[in-house]
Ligand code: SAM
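A lone chain, given as C-alpha cells: the form predicted alone.
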C-alpha cells in the first residue's frame, strides 16, 4: 500500500520538463490518468484559520488569517480559470473556516465569474449568513455546514463553541433557498448516540445529513482506535428505527446516500472503512497556491508565477500522482490541507 512519503519526486523542476505530446494534449481537454479517473473537482482552501476548536482538527490556537504569499481573489480565480479549461466543473471553497477571510465575498464573486462550473462552500456556519448575498451573486446553491452534535453541551465539548449560531445558520440557509448538507463527524462517546436524532433532523428540516467517518489526519489520528465509528455501524443503528432505499452513486462521489421512508436523506462518507480512492476526481489548492494531489499526501506543487499552460501541466502531474489505494495516515492537520 502507498505511504505518505511516496511523493512527486523533485517537483521544483517540474515546470522545465518537456512533456511533449502530453503537454499539448491537456489543453482544452480533460486531465485523466491511467486508471480512468478524470480531474473534475477542485477544492480551494482560502485560509488555514478557524475559530472552532474541534478535537480532530484544530484543538489549539489558529494561525493568522492572512500571511504574505496567500492568494487573493484574482489569484484564486486565475488558477481556477485555467483548470476549468481542462474539464474542471466543480469548485468548492473550504478552509480552515472560509468566513474568516475578510475578502471572502470578493473571492466568491471572482470564482463565480469563472463560469462553466458548480460553485459551493464548506463552513462551520457561525458567520455564514452575512455572506448570503455574495453567495447568491456568485451562483452558489449548495452549502455544506459542519454540525457534529444537536446537543449544546456535546457541541461545546467537541468544538469549544456554542451550538445555537450554527443551528440558526442552517435554518436561515434553508429559508433563503440554499440546498444544505450537514456534515457530522461521528465519534464514539461524543455524539454516536445522536444518529436517530440527526435522521429526524433531516426529515424535519429537509437538509441532507452526512455522517463522516473520523479520519487519521493530524489530531484525529491520535486516539483513532478509541474514537472511530464506522459507517456500517451508523447504518446498523439507523436500521433499528428507520426504513430506507439506496440512491444511485456517481463514480467519483465521496458519499453513498439513502432516502429515508417518510422523507429525509442521509449520506455516509466512509473514508476509512470503504475508501473511494479509485474513483477520486479531486485536487486541492492551498491558500498559498500549492496544488495537492490527495488529503493523505504531503507533497505539493507551487503554482505561483505559472501561466495557464504551466498550471495545466502541474495539474496533470499532480493528478497522475494520485494514490489509488488508501494511505494509512497523514500528520498534517485537516485545517492546513483544506477539508
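Residue numbers count along the first chain shown, from 1. Bear in mind that the values here come from a model prediction, so they are computed numbers and not experimental data.
What comes next is about the form predicted in complex with the named molecule, which is not displayed.
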| property | result |
| --- | --- |
| Among 201-209, 182-190, 72-80, 128-136, the region lying within 4.5 Å of the named molecule in the model of the complex by heavy atom distance | 182-190 |
| Heavy atom distance at most 4.5 Å to the named molecule in the model of the complex, all of 37, 281 and 316 | no |
| The unique member of 123, 117, 149, 254 whose heavy atoms fall within 4.5 Å of the named molecule in the model of the complex | 123 |
| Heavy atom within 4.5 Å of the named molecule in the model of the complex - residue from 163, 260, 170, 215 | 215 |
| Partner contact for residue 264 in the model of the complex: the named molecule, 4.5 angstroms, heavy atom | no |
| Contact label in the model of the complex: residue 57 to the named molecule, heavy atom within 4.5 Å | yes |
| 4.5 Å heavy atom contact, residue 112 and the named molecule in the model of the complex | no |
